[in-house]
Each structure stands twice: as structure tokens, then as C-alpha cells.
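Below sits a lone chain in C-alpha cells, taken as the form predicted on its own.
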Amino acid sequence: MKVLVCNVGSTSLKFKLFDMPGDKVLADGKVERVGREDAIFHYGNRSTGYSVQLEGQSIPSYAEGIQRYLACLTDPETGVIADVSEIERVGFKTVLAKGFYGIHELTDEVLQAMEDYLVVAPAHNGPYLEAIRQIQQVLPGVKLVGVFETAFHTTIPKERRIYGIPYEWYEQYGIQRMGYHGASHGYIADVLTEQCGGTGNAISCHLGGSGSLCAIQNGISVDNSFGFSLQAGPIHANRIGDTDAYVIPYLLSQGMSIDEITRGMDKRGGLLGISGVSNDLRDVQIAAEGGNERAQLAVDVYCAGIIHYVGAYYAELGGLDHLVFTGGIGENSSLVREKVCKAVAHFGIVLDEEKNAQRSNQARIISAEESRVKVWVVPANEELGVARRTYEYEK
């Protein structure tokens, strides 16, 4: 079965065409800066090694980006399929839909549920809705499947999901801790199962532009640092992470508008907000090494948040077998891994400094032989997780 996975960002599209089962990637593609005259288009044929990247392109909407990728897929010289009719399913790493928290066919009812939660995840649901509707037009009759970011976390016990709010808010509005980054954390569970025969007690740290930690017990999610929205947990690149709810009414009383507050929490917080330098940890770290005290504070706050959740999940799990780092920062920042592992060394973690400093595109263990807990670095592969769930989906 040919399964196309479409990963949608606020101004980007990423594609991978899989031959399932077997997890074989036939072709990939990426469109950056959608809606601009200087967009970037990439297409690669994994079988032949053909690859092209075109810059300075005019790609005014998702529709043009999708059409361009499908044209490459079916081109007699560069393509991997003869006709788009060979694509049987399209999987999306969708984020949130009111009342639909697992894996669902993207019917009109489910799309409306995504609309209902636009205010909770505007940067994610809006672009996905646009891209899904475009795919519906160019691939009529193909089954579209939403592997919602909440899907992996539907196993979290209710006592870890419920806020101390009036219970009718939960019943009427669905306000609860949702858990996100499910495709990533679910893939980590797959990797540990494949390599170790099971996950045991594991903590998965997906650290990137946004970040979350997940407690995994025997392959299932039992806690996640995200909340109702994608604002909770350790600080993110731009987002504030855990913050007292009464900050909002206080700032309103000081004359700020709700739009100003929302923008501050969503766009001007996190690493950027504390450091005043950048939302990119690499830039913040360079500034810290140069003596910038706010930049150093941002690094310290970032790591402190991760350490906090590792400690909490260690207690919830009753011990730890695997600590896993994934995502752009998790895979590439030896500094963050070192600071976190040293802070929780009393859990039986001994980091191998030489292994930690190395880079690889393969899953690897960076803990020392004598470490009671295995520390892993696993390259993120959310698209593969989505492809597997899309292929397995039955209704």
C-alpha cells in the first residue's frame, strides 16, 4: 500500500511517500515559505537518488505546493508512481480535535471538531485544515487519516488528566491535559520495543522548537508535560511553558489586551523571551558563553524544566530503565543532555562523555556500561510513526 504522509507547518509542507508494510520511503519532499515569492521546493527520489532543490519559487498557497510535489511523484523521469491513483491513503500528523483524540478518518465531522479547537491550537489546526481540504480536492476518494498528536496519550490515567477546575468545564468544554507530540513519543516506544524487546519504564524527551516529556510504561503513555494547549511543560523556543494562570488577569488589569498577552505567551516567550537574543538554543548558548547573563539564565531555565519533569516521571513510574533524547535539541545539544543527566545522576545514570559528544543519524546509547539507566539519543521520525498508524487504521 502506498501511504503518503503530509506534515503541515504554518508556512511549510513536508511529504514522504511510503510503501507499507515494510516502512520503505519511496520519495520525500518539502516546501518552505509557502505564501511567499522566495519559497523553497525540494523533491527527492529515494530509489534513484535523484534530488532537486529550487529556491526563489512562487508558491502562493498549499494547493500549489501539493500539486508540485504530486507532479514530481508521477513524472516519468523523476517519479516513483505512474499515477496519483496509486496512493491509497494519506496520513496527517494532526494536532487537536474536540472529542476526537485518537486516530480517525478525516470526515466532515472530524474536520469540524478541528475547527472547534482552532482557538486552542491556531498555529497548527489552521494550516492542517487548509492542507487537508486541498488534498481532498486533488485526491478525491482517497482515505485521509488523522493521527492526532493526542492519540498516544489516551492511555494517561484520568487523575493525571483532570485540572482542579469546576468539573462541568471538563464535561462541557473538554478542558483537560491532552498530551501532544504523540507521533514522536510513540515512535520512541516503537524503537525501544524493537531494540530491547519492550520499553520497561522510559522517559522520552522530545526537545526542539517546542518540547515535551512523556512517561512511558510497558509501551504506553502514562503522562505528558503538555496540557490543554501546547503552552505547558518546560519553556519552548517562543512559548512560555508552565505559567501561573493568574498572570493573565493580572496583565489585563495592567492595561494589556488579550491579543498582546496571547502574542507574548505564544511568540515572545520561552528561550527568546528570557534571553532577549534568539529562539534558537544554539544562538542563546553562544551568547551565554560570551558572558550574556540573560542568555545563560535562559539555558538554565530550559534545563531546569526538563529536570523537573524527569524527576516527576521517575516517581510516577517507580524507577527508570531508559531516558531518551529526541528532536532537534535532544539530538544535537550535548550540553543539554549533560546538564540533565548530571542533575539526575542519583537515579543511576552515568553518562559516557565521549559518546555524548559524538554525532550520528542512528539511534544510539550514550550512557556508560555501568549506568543502571540506559540513556539514548534517537533521531526523530514522526513521519514513520504516522505512516504505520495510517496503514494499520481500520474502521
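One-based numbering along the sequence shown. Just so it is clear, the model here is predicted, and its values are computed rather than measured.
The next section is about a form of this same protein that is not shown, the form predicted in complex with ligand ADP.
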_Stretch in contact, per heavy atom within 4.5 angstroms of ligand ADP in the model of the complex, of 202 to 210, 111 to 119, 315 to 323, 228 to 236_ = 202 to 210
*State yes only if every one of 96, 99 and 125 has a non-hydrogen atom within 4.5 Å of ligand ADP in the model of the complex; otherwise state no.*
no
_The unique member of 263, 158, 133, 282 whose heavy atoms fall within 4.5 Å of ligand ADP in the model of the complex_ = 282
*Report the residue, out of 364, 36, 359, 342, that has at least one non-hydrogen atom within 4.5 angstroms of ligand ADP in the model of the complex.*
359
*Using a 4.5 Å heavy atom cut-off, state whether residue 333 contacts ligand ADP in the model of the complex.*
yes
*Can you check whether residue 65 is within 4.5 Å of ligand ADP in the model of the complex, heavy atom basis?*
no
_Since only the chain is shown here, I'm wondering whether residue 327 would be in contact with ligand ADP in the model of the complex (any heavy atom pair within 4.5 Å)._
yes
